[in-house]
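A single chain, nothing else alongside it, follows as structure tokens in the form predicted alone.
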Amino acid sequence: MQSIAEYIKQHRSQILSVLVNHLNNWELAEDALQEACIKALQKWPTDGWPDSPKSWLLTVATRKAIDNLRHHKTGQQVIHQLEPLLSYSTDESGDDEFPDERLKLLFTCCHPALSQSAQVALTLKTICSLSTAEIASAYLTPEATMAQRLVRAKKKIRQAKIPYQIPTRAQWLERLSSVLTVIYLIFNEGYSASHGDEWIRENLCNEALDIGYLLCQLLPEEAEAEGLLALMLCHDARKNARSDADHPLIPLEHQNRSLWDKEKIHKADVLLKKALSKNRPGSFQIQAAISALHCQASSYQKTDWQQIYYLYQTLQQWQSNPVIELNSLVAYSMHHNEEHHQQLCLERLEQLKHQHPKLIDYTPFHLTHAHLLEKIKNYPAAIQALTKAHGLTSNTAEQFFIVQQQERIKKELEHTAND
């Protein structure tokens, strides 16, 4: 049976969204809900679970908020607005009738007036129910710094009078894009952690997937939301094959494909087809299509690299950036094995470095460089490129993988010298 703490964490954001909507005060809503949760942990073990736990928590939190407002002798109008919430009593309203306003909360967290770092932190705090300490740990930020970031974000929402609502169609594209981007950033940080000892932070992946499902349920007409969820499912399906006891990081090329989750791949395929049928293409749908091709291939070598290359070319029309071109170069090099094609890729890589100097500090740039150099058997230069990549990453699993790659190429170099 689900524990009380697990139930509260699972449903906290749904209750909080209702409170924030009526209180229009984030801190007061969180404080009131926290007190209600403490009371539930004290009473439910002895009194038994209420018939409608969410409604019980909302009722108790609402009364706490009203008591707080009366104590400070402020907010009579707000108190009046809160009174309808008391009708969601445990005797009158089942959980299946409970209002779901999380989408409003999600769009408020991702308002374009907030910085992207604040959007991510606020989403993790309110929608994913992560503690400030958990968020700080995930992004290797001091807890006090993260707490201040959250306080500033909530203060900005209050001072700028950012409305707690789903945006109008005129504002829709801008805000939805922020929402999707934040969800994907959360998933990416979980799937390929930028810092720390773990290569995969499963809790962040799961939180992003939960939000993705929520978004698709509440916005079934949005093809890009379905595309994003399909993309995350394709990646998540490969999770169990990305590391083992001896290899903290296993690249796609060497993964045991029998460990991939076929059910998740099927779900992603259904979602992607549903999204594409809406005839409203977007960058997440294209990325999902690329990931689906990887999932469908029986081996790394038998992957449809030509189609992936064309999809990356299409993606650049939607979201042009050097990272996409790096991936495009890898796909091109896999489809065209001849040495002169690898030289063309290396030349283009050099051009990219001059066009985008920040790539010099980007670990995947040097990993791509090493990949191309190895294909033309320039092993010393490939080892040097890997050394640069190793110096840039802060993830110990990735560092270990790079050292393994260096050792492997050194053996190739020795073998070539002996020949």
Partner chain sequence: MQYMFLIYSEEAKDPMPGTDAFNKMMAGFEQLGAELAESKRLIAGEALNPVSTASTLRIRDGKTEVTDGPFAETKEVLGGLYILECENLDEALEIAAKIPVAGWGSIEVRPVMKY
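Just so it is clear, the model here is predicted, and its values are computed rather than measured. Positions refer to the first chain, counted from 1.
The same protein has a further form, the form predicted in complex with the partner chain, not shown here; the description that follows concerns it.
- Distance criterion of 4.5 Å from any heavy atom to the partner chain in the model of the complex singles out Lys161 from the list Lys262, Lys161, His71, His254.
- The contact with the partner chain in the model of the complex, taken as any heavy atom within 4.5 Å, belongs to Gln171 out of Thr181, Gln171, Gln296, Gln148.
- Although the partner is absent here, His111 sits close enough that one of its heavy atoms falls within 4.5 Å of the partner chain in the model of the complex.
- With a 4.5 Å cutoff on heavy atoms, Gln165 counts as touching the partner chain in the model of the complex.
- Of the heavy atoms in Lys154, none are within 4.5 Å of the partner chain in the model of the complex.
- Using a 4.5 Å cutoff between non-hydrogen atoms, Arg175 counts as a contact of the partner chain in the model of the complex.
- Contact annotation: the partner chain lies within 4.5 Å of heavy atoms from the stretch 111-119 in the model of the complex, the single such stretch among 111-119, 229-237, 299-307, 282-290.
- Counting a residue when any of its non-hydrogen atoms is within 4.5 Å of the partner chain in the model of the complex, there are no hits in 291-323.
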